[in-house]
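Encoded as C-alpha cells, the following chain is the form predicted alone, with no partner shown.
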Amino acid sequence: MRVRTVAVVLILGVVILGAALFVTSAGGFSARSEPTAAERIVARALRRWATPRQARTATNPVPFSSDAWAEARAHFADHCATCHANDGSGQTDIGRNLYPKAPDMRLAETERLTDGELYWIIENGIRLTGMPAWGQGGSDDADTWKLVHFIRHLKDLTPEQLAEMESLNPKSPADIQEEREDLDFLSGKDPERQATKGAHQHPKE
C-alpha cells in the first residue's frame, strides 16, 4: 500500500510539473485565472488523501441547537466572512482574488464532504491555498464543530440573520472613521459637513 501511494504521488507530481511548464510557457501564472480542470481534480484528490482516514469518519460531537447556531454565525462573521462572505458564497474582494478562489460552500462540492473532513480542513487548513489552519489540530474544538453545523445550514440563513452577521464583520480603520463621521454629522457635531450639505441642498419652492 505504501509503494502504491508513493507511485501515485510521483505520477501526480509529474502531471503537475508538466502542467506548470505548459502554463508558464503560455504566459505565466496569475491568480486572476481560474484553476484548470486538471488542477481541480488533482487538488481534490490531494485534499482527500491528506485528510487522515480517522478524521474523515469523525462525527460531530456538538449537538445542533439554536444557541450553537447563533454562536457559529457570530464566529463565522468575525473570523471567516472576510474571505467566504457571510452567506458562504465566497463573493468578497479577497475571496474572488485568491487562487484558487474561495469556493461557494453552498454547492454540492462542499456538501459532499463529511463532517470530519470539514472539521479537519478548518482546523488544519489546506496547503497552497488561502485557507489557513485556525485550530490547534486536535479533534475536540467545540467552536470548530459549531462551524461545521454552520456550513451544513448555510441555505437556512434568513435575511435578518445575514444582517446581524454583517454588523459583526471586522471593520477596517477607514470603515470605523466613516462611521464616526456619520455619527458626528447626525448628532450635529460636524458643522463643516453640515454646512457642505446645506450648500448642496436646493431651496424649497
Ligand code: HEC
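Everything quoted here is computed from the prediction, not taken from an experiment. Residue indices: 1-based, along the sequence shown.
Keep in mind that the form predicted together with heme C is not shown, yet the notes after this line are about it.
For the three marked residues, 56, 145 and 155, no heavy atom of any sits within 4.5 Å of heme C in the model of the complex. Heme C in the model of the complex comes within 4.5 Å of a heavy atom belonging to residue 151.
Among residues of the shown chain, residue 91 is not one whose heavy atoms approach heme C to within 4.5 Å in the model of the complex. Although the partner is absent here, residue 110 lies within 4.5 Å of heme C in the model of the complex, judged by heavy atoms. Among residues of the shown chain, residue 84 is one whose heavy atoms approach heme C to within 4.5 Å in the model of the complex. The stretch among 176 to 184, 40 to 48, 56 to 64, 155 to 163 whose residues place heavy atoms within 4.5 Å of heme C in the model of the complex is 40 to 48. For the stretch 73 to 87, the set of residues having any non-hydrogen atom within 4.5 angstroms of heme C in the model of the complex comprises 76, 79, 80, 83, 84, in sequence order.
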